[in-house]
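So this first bit is one chain, no partners, the form predicted on its own, shown in structure tokens.
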Amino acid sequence: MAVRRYTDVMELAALIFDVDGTLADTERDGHLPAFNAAFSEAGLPWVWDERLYGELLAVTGGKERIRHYCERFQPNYALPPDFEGLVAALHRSKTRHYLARVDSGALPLRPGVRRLIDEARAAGLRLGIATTTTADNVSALIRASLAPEAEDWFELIAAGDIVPAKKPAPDIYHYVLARMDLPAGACLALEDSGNGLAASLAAGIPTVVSVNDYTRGQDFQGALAVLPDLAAVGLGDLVRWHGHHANL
């Protein structure tokens, strides 16, 4: 598909999707059980329940989350000499268990996501991804839930440690804008969390939020809209909200 170029920042050119919690309920149904499987496999007596995991989600990034858990919830845990090596190994194990769950079909897309992507592609909008999860996680989810060739639908997949600071820092969005050669005002981000919204807004990108069980009740001041999901939202709604914002 030919890349559609825009010179007028008032016109919507691209949709930029977060992944975890936005495309699918990957946190509750994928990452949480995968973390617990990794801990068990390593012989660690750590078990994260849904309540605790909801607290840990305030920290973006899986490795960062493990470090924070040890500091905040396991103060008596004697850190091994190569603690960073342990963190990296646990994260690799978690990713392996997560990918197995994705491949099993355990992580369907959230309501309305597939339809919105299809409408955007049909309209010639450019698609990008800005996420803190690893590139392998993104690729597996997209292939399993959209289509085997669906990675090609996205002009750019920006994921993981590709930038120095993760959300709520805006680095990942600045990276996407630079690589796609787009002004912030020509894009619309789709997020699910306060951290994600803070990142996109700090990059100047108008944003629509679809909340989930973990993020409902967070601060979403500045979002164009805050929705329970995307089931009742079409591309026309996004274009209208973006246009209203651009003309303020």
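Here the structure is a predicted model, which means the values were calculated and not measured. Numbering starts at 1 and runs along the sequence shown.
What follows is about the form predicted in complex with a small molecule, which we do not show.
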Exercise: His174 in contact with the small molecule in the predicted bound form, heavy atom 4.5 Å: no
Any non-hydrogen atom of Gly54 within 4.5 angstroms of the small molecule in the predicted bound form: no
Any non-hydrogen atom of Arg126 within 4.5 angstroms of the small molecule in the predicted bound form: no
Interface membership of Gly61, the small molecule in the predicted bound form, 4.5 Å heavy atom rule: yes
Which of 38-46, 24-32, 202-210, 180-188 lines the interface with the small molecule in the predicted bound form (heavy atom within 4.5 Å): 24-32
